[in-house]
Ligand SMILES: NC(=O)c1ccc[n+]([C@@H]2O[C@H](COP(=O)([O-])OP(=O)(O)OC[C@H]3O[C@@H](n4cnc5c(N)ncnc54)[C@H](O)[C@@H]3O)[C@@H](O)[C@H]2O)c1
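Okay, so here's just one chain, in structure tokens, the form predicted on its own.
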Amino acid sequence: MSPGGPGLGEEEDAMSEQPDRRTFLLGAAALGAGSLHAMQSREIRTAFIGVGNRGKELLRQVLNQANAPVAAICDTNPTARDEAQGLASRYSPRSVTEWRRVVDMKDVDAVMIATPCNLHAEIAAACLDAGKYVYCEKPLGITAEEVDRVVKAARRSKAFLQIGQQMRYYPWLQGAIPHIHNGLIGKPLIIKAQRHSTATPEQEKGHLPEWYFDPKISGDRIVENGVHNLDVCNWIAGSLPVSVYGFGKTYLPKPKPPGEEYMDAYSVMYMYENEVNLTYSEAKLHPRALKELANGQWYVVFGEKGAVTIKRGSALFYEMSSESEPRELLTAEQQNAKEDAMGDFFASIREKKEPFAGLRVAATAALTTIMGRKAIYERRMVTWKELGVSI
């Protein structure tokens, strides 16, 4: 993270994992050694805007990619910038503090954006307009207007955007969700999901930057954090949400200090175009001992023929009419492999294809959380059409 930086910094991402290129390389092996070498031989010059904790993790991943030299490092925090330059020292990247200088660099092909959330859309749109490929940390924007700005820029651009919804690249989710889409449980009817954890607000503030707790910068918890899990729910539903109602607030501490607006818990209910019903909750105020019953992240999908439960490394199918033990849907490799979102980013550039987590995923995920936040703030049902963004 970039503590104390006034503008650029790092996006907190508790979902991040160390990269594993094995999945990408295994798939690329089918191309043959000659084709793979030709694909990897194209040099993609890369720049970073925002190199706090998450930005430096992206940098480490890029340094493991073939022919992806780092041309520039941008951050307003000199300590974060110097640390990132040290990591990429073999390329002697330029050091800058103004992100617009990166946009103007003719020798930069791709830009990694890991700034506070309220800067994502402006920077991403400018990079796309400059013809640069963009890997942008989630969320795409914290308002519908910001999301619309990037959507329009992407449609104009010869390049593309990949969003940092890296759960799209988790092998255990890539292994589980197709079973649902392929009819294992019949028509999906209901999704129940949660993201609950034990950190108190005081503990959370001990390792996160101040901007994270300012909804005007982060978008509030549902937009900054819940966007990961709600994106997975969108993926499972295979549809767009049409309406939402919810409730959330800052429960602790009491009395609430002035300026404490960042929610520590909320619940939302969405209806999708295909009439799938989703109930999702997020909370970060549990006792540490309350583990089995209420903590953790999971998804349960109920359908006409049964249900599937999904959590990290496991997907169990419960047949509707059977009392037998559930069946594990994942292979051992799917249970244990790591995500490789960065491998897909560079492969998509070289192969001139849309990344798996591309513009539509980015815009839908952000707008899903924005309409949920609006429902919570205004204590009413909010519809997708109200947002006014065409994706």
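Model, not experiment: these values are computed from the prediction. Sequential numbering from 1, following the sequence displayed.
Keep in mind the form predicted together with this ligand is missing from the figure; the text below concerns it.
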| property | result |
| --- | --- |
| In the model of the complex, the one of 234, 297, 166, 250 near this ligand [non-hydrogen atom within 4.5 angstroms] | 166 |
| Residue 270, heavy atom within 4.5 angstroms of this ligand in the model of the complex | no |
| Residue 137, heavy atom within 4.5 angstroms of this ligand in the model of the complex | yes |
| Residue 119: touches this ligand in the model of the complex, heavy atom cutoff 4.5 angstroms | yes |
| Proximity of residue 161 to this ligand in the model of the complex, heavy atoms at 4.5 Å | no |
| Candidate stretches 346-354, 62-70, 45-53, 329-337 - the one whose heavy atoms come within 4.5 Å of this ligand in the model of the complex | 45-53 |
| Output flag, 76, 115 and 209 jointly within 4.5 Å of this ligand in the model of the complex, heavy atom basis | yes |
| Contacts with this ligand in the model of the complex, stretch 358-391 (heavy atom within 4.5 Å) | none |
